[in-house]
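What follows is a single chain, given as structure tokens, in the form predicted on its own.
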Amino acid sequence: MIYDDLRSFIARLDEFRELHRITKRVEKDGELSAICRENFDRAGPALIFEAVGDYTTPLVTGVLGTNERYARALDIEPSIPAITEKWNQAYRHPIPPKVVARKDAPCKEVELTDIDLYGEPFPVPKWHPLDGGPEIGTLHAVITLDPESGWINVGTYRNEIFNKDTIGCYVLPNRHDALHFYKWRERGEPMPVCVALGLDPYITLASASAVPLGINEYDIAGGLKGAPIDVVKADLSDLLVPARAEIILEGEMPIDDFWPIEGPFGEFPGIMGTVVKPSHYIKIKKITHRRKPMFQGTLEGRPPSESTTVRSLCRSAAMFEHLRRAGLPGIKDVSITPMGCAGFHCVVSIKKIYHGQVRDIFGHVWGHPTLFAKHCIVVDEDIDPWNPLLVEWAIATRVQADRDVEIVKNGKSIRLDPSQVPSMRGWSALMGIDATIPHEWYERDGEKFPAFTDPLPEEMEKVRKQWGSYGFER
């Protein structure tokens, strides 16, 4: 089954009892976030808050909060291999979006002439007690355009509400929205920006991934869906926005004016992100939305969370694609681990082919242009990189620190890494662990690595096939 919008996906989750509606009125700041935190820690269902403060607009969160719901969004079995294969297909067979007429775009059903981001339909929480303000953009799409090539970028960048018609935009120098901004600045024109809220799962996943430079996230979203994503031309620019989004904000980013301060905001490592002085901002000039819209957001913070699930699986696929495009042979699977904050730890399983292969992988993982895995572990193909028990076993039985651990000082990182002191934020020591079997070292001693104790593979497969016959539940 494919989903044309957030509503159809929510209906599917409801059908499978993976959705919970909270009808009790909850406080927008504090209570709502505490419920989300407890629900994530319990691996609970998607939530719809039907009464947030004095607002009539419901708030939706957690729709992609577990691997099972993530897989349901892609209409596949809930397994890492199936998810990986779906992403591989999307990268190899992207499907361009379909432009529809304005009359056929539900996101244009209602126009707001009096812009007030503090009012309806925006029950935007102050997600964390120490946040600088309400954060309207947490699981959404910020849409920008390369004025030279026409390449559209659809990314997830935080947006704090500054006043009733102005929001921040967290622009990092190496991100694709920043590359677009530089080109608009060279032209001497403000950059058109649209923000789409309440999205089908395919756009959400593509926007949170690390799609390679120059590739349109709508194309990858279409590849995940197996059909074109419907888009419509924005009213105030040449940007294309999701036609079936719940809410669309249209505006522009000045090239020579900045907001004094943005943040802090509770970020994915589970700590308060630093403030930005000065900050880019977007002046909102028009808002359109569906009739009786839903507001979608998510509680950022430490894992586990919806953001962790989305980013871990999306970015693992992006790193796999990065290594494939680099021409590295023998790559079997990649895990940007969930509990590594879906960013800092990368485990790569390989079929060993040549001497120095592991070091090549270290370099390319650390060199990804937008990701920031500071710790890379490479394991053999017999180790599932998504199984932390097996990865630890490989480290315990195949690693000698003086031989297999490589440390590089002053590598690039992200300023949100709290392990690095403030004066060194953006820099990090990088560590690579070669947890593959040290065959070449054994060969130097004229020996072979000891044999394993597991039953023969054919015996294991036989037992798995008849597991139910032993009285176990399948």
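So that there is no doubt, residue numbering starts at 1 and follows the sequence shown. Quick caveat, the model's predicted, so the values are computed rather than measured.
One more form of this protein should be noted, the form predicted in complex with a small molecule, which is absent from this view; the next part is about it.
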item: Heavy atom within 4.5 Å of the small molecule in the predicted bound form - residue from Q357, T138, S279, T166; value: T138
item: Selected contact from E321, D230, D200, E300, since only one has a non-hydrogen atom within 4.5 angstroms of the small molecule in the predicted bound form; value: E300
item: Candidate stretches 204-212, 219-227, 113-121, 100-108, one within 4.5 Å of the small molecule in the predicted bound form by heavy atom; value: 204-212
item: Partner contact for Y170 in the predicted bound form: the small molecule, 4.5 angstroms, heavy atom; value: yes
item: Close approach of H128 to the small molecule in the predicted bound form, 4.5 Å, heavy atom; value: no
item: Partner proximity in the predicted bound form: R175 to the small molecule, non-hydrogen atom cutoff 4.5 Å; value: yes
item: T156: touches the small molecule in the predicted bound form, heavy atom cutoff 4.5 angstroms; value: yes
